[in-house]
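This document opens with one chain alone, in structure tokens, the form predicted on its own.
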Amino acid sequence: MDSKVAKADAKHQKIHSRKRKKDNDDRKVGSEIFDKITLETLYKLANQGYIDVLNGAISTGKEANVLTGIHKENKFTAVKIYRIATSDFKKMNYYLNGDPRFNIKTKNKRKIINSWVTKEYKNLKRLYDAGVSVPEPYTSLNNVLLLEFIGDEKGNPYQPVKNQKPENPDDFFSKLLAEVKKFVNEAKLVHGDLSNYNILNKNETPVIIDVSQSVVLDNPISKELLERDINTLVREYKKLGVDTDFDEIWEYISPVF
């Protein structure tokens, strides 16, 4: 084992010192996400003071795992790690193409992943600066993105609306539409995959997450994606008893393409 890997592996052991994996599923996830380059990346981020401990999974998806990180000030951080083996590169290229911020002309999977993570970081920064209710991005490196932990002070993450329905759907939906309007008109982005799976319920306030696929308004596919997002919101919130329709939302958002 070379010195870099040895150091990364040692740091990996330190990061996991407070909470060991307890079952086979956790061990399987660990083997999938903690490859050589990911370990080295986490080691660099730990040396930079961003994280000191990884403390369990927030969510597990096909392409990425989100873990709870803790740094020396005992502040929680969300650590999103993209996996090479299971990522959908065809989908990633679809959302990267047409974005003037990126000029991806490679079939190298790791370079595509790194661009994808950079894209999510830049989207979050753009949204956060525009005042949209999204997690604050801290930094990104290779296939790892560090961002604000959305949860309580004990480290319990707030749940997606899919799992934690709002007590007052009408009020929650009004707040959500205000965020979507800023998303489109202030940040000049379209989410592209907006649903109750990636809208967190933070004490009856929406927080929009998972913006890696979000595109700028001058992307040729932005209008199509916004129409899809609105149709999804109409369908899901009607099921929650909200009286709404596509035209009402479109007129409220008033996007300019």
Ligand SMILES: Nc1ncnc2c1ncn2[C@@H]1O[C@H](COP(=O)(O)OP(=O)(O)OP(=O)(O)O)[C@@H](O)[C@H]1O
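For every residue, the number given is its place in the sequence shown, counted from 1. These numbers come from a predicted model, not from an experiment.
There is another form of this protein, the form predicted in complex with the named molecule, and it is not shown here; the text below is about that form.
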query	finding
Ile58, Lys80 and Asp210 all contacting the named molecule in the predicted bound form, non-hydrogen atom within 4.5 Å	yes
Which of 148-156, 107-115, 179-187, 165-173 sits within 4.5 Å of the named molecule in the predicted bound form, heavy atom basis	148-156
Any non-hydrogen atom of Pro137 within 4.5 angstroms of the named molecule in the predicted bound form	no
Partner proximity in the predicted bound form: Asn198 to the named molecule, non-hydrogen atom cutoff 4.5 Å	yes
Contact test in the predicted bound form: Asp52 vs the named molecule, heavy atoms, 4.5 Å	no
4.5 Å heavy atom contact, Leu194 to the named molecule in the predicted bound form	no
Listed residue (Ala46, Val66, Ile70, Ile221) with a non-hydrogen atom within 4.5 angstroms of the named molecule in the predicted bound form	Val66
